[in-house]
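One chain is shown next in structure tokens, namely the form predicted on its own.
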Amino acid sequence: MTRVDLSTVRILIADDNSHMRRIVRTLLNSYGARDITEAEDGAEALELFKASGPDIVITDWIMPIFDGLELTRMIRSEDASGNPYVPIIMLTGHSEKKRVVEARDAGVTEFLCKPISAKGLYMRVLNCIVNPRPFVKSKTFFGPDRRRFTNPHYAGEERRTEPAPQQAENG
């Protein structure tokens, strides 16, 4: 497993559950992350995002005031955000395909289902740093490229101008 120095990476954790925030913080600390801020709802997360400019956002889906999906859309909005390109990891107990697609279409970079594993969290963070996804801007979407790899069996129109990035190891 690739090791990356997380000591200078600024991470924002948004989750209304204080125990979950503590677990995520503890796991990130164990991997060397030191600059971690926490928010207990979407509004506080957006304020902290604007104030602290994190390198990675880890958000829960269900939160008071506005949820992680709305937070993602606001961060991806050029009007409300200082860095619409920040990697966003959705951390949720809702693993239905419909939810994964909805999160992806909102601009989430990585998706991780609860209960989480230390390796799973690390691999998502690592993927954001080592294998950043190119961004796509169209009339209806702004966010990380939704395709992660080249499908050799894809028969549709090829609209990419560059080959897809190589997929990192996932845990």
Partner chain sequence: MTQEIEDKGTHQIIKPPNDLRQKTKPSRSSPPNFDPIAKAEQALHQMSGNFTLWIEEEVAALVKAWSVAREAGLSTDSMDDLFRAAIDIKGQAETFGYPIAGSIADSLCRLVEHGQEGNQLPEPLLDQHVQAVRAVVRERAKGDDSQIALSLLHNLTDVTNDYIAQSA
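Positions refer to the first chain, counted from 1. Everything numeric in this text was worked out from a predicted model, so none of it was measured.
There is another form of this protein, the form predicted together with the partner chain, and it is not shown here; the text below is about that form.
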item	value
Any non-hydrogen atom of Phe142 within 4.5 angstroms of the partner chain in the predicted complex	yes
The partner chain contact in the predicted complex: Leu69, any heavy atom under 4.5 Å	no
Partner proximity in the predicted complex: His94 to the partner chain, non-hydrogen atom cutoff 4.5 Å	yes
Close approach of Lys50 to the partner chain in the predicted complex, 4.5 Å, heavy atom	no
Partner contacts in the predicted complex for 52-79 (non-hydrogen atom within 4.5 angstroms of the partner chain)	Asp55, Ile56, Ile62, Met63, Pro64
